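Next come structure tokens for two forms of one protein chain, structure 1 first, structure 2 second.
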Structure 1
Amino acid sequence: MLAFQILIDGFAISALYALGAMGFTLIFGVSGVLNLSHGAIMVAAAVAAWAAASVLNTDSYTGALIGIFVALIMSFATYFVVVQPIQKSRRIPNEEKEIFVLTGTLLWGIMIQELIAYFFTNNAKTVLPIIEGVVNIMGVRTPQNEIFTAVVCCVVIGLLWLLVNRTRTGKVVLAASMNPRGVTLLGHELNNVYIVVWAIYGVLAGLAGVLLGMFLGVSSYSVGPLTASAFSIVVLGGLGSVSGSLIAAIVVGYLETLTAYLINPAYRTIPALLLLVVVMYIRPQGLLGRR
């Protein structure tokens, strides 16, 4: 019974982590940007979905769509307001641009967090679940929405794989992550590739935020921990490696769930962070990293 419980809960959490980290790693892989406003964008999506449902009284599907739309807008805002001006600036030396982007997105994330706290307070909000009720899976009373979350995550990850590996746009994105110069030589505008990637990122982060809001609930306090968890999953999997992040998400998700059930819920995040430290020592490029 406990084993099944861990299996089911761990799967749902892992799928959600994977979805959250996927966009984050994609952006790094393609444009070398570590977007530290990631958590803020996820929370903004969840809070927007909550606000749509409880203030504007929309149904849960419309609320979720509004949440994803808000994340898409925020994603473009992050790119055009914060990242692009830094990358194009002539006054910032090239070798320092990464640090500037890191700082810029971090501050941007804090601004979003403070705005959310100002307008919606720092108390937690939960997004109206799309499916209510529970089902019994092998003696484990599982909320149907948890299954829904896991299924949506898996489907979206599958779609992303198809997009990257089977479509023309996806192949250009993949190529850009391997050799940006080569892509421009083939006549593709790198700027357009970035816009596509930030669009994909916005949808992924928004979806992850809304699903997280349904599953566990979020508050403005979640911004830091969400960015940190995406960051550690991506570093564990290998910066920029999508399949590495997927494996890392499953490892972290199950490690946390096992700790919470078998040791103590209070120590939930500790073993995963210790693992991260160990991996940093033994294999600094991460599980599937190229560099």
Structure 2
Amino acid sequence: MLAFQILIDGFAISALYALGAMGFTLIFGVSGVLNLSHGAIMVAAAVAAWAAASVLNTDSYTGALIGIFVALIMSFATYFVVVQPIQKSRRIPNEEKEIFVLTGTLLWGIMIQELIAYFFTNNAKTVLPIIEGVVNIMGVRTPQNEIFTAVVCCVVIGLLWLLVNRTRTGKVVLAASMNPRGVTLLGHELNNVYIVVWAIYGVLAGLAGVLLGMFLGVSSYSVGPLTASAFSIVVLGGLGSVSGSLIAAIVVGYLETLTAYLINPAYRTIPALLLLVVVMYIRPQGLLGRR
């Protein structure tokens, strides 16, 4: 019975992590930015969805849309307020801009975390589920919302694949991740490509945050673990590798689920971080990474 419980919950967690990691990977693959405010944006989306239902008395769908919209706004704010000014600064040497961006997004994430704690306290918030009720799967009583979460994540990941591989905009984004200079030579403005990528990222992070809030609940304390999990997934899979991130998300999701059930939920992120250290020694480029 416990094995089936771990199998079902692990799949839902893995799907959520995969959804969140897709945007994280896309941002790095195209613009070379490791956004360390990722967890804060996800939590902000979940808290916004919770606040919409609790304060404004909206329904579940409206609350979810508000949460995604908040994440989209914060994604653009991260790019235009933090990342772009650093990348365009003439006072910062080019070889140091990457570390400045890392530091800037980390501090930005901490600011968002503290604002959430100030206005909404550190107490855990659970977003009103879209689908209620329980079903029996292999003898395990499973919330229908958990199944809904896994299905939505898989569908959105599939739609993202279609967008990148079957549309003109997606192919430009894909080309920018391989050869930015070549894209500019073809007449495409890189700034516009970056805006599209950060928009996609905002929607993905917002949706993942809202679904996570429905599934497990979040608080301002969730920011660090969520960022750590996303970072572990992206590095394990290989920086910029979407397929690698998918595989790593499954590994991390099940590792955390096993740790939560068999050891202690408080230690759920530790095995994934230890695995990250081992992989960095054995294969620094990650599972499917090229750099």
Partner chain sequence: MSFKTSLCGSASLIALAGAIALGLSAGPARAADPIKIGVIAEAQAIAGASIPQAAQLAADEINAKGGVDGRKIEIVTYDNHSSSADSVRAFQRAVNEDKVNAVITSYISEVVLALEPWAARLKTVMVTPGAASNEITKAVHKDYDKNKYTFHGYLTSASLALSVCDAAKDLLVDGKHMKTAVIMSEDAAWTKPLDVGYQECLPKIGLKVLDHIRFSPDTTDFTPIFNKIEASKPDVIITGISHVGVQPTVQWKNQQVPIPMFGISSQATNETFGKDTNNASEGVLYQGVSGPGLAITPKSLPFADAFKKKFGNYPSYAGYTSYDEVYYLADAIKRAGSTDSDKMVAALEKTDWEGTIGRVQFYGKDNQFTHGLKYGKGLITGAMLQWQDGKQVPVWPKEVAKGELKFPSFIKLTSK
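For residue numbers, the reference is structure 1: its sequence is counted from 1. Owing to the predicted nature of the structure, the values given are computational and were not obtained by experimental measurement. C-alpha atoms forming the largest set that superposes within 1.5 Å between two forms make up the rigid core.
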_Of structures 1 and 2, the one that is the form predicted together with the partner chain_ = 1
*Taking the rigid core as the superposition reference, indicate whether the CA of Y61 shifts 2 angstroms or more between structures 1 and 2.*
no
*Rigid core superposition, A228 Cα moves 2 angstroms or more between structures 1 and 2*: no
*Superpose the two forms on their rigid core, then report whether the C-alpha of A260 is displaced by 2 angstroms or more between structures 1 and 2.*
yes
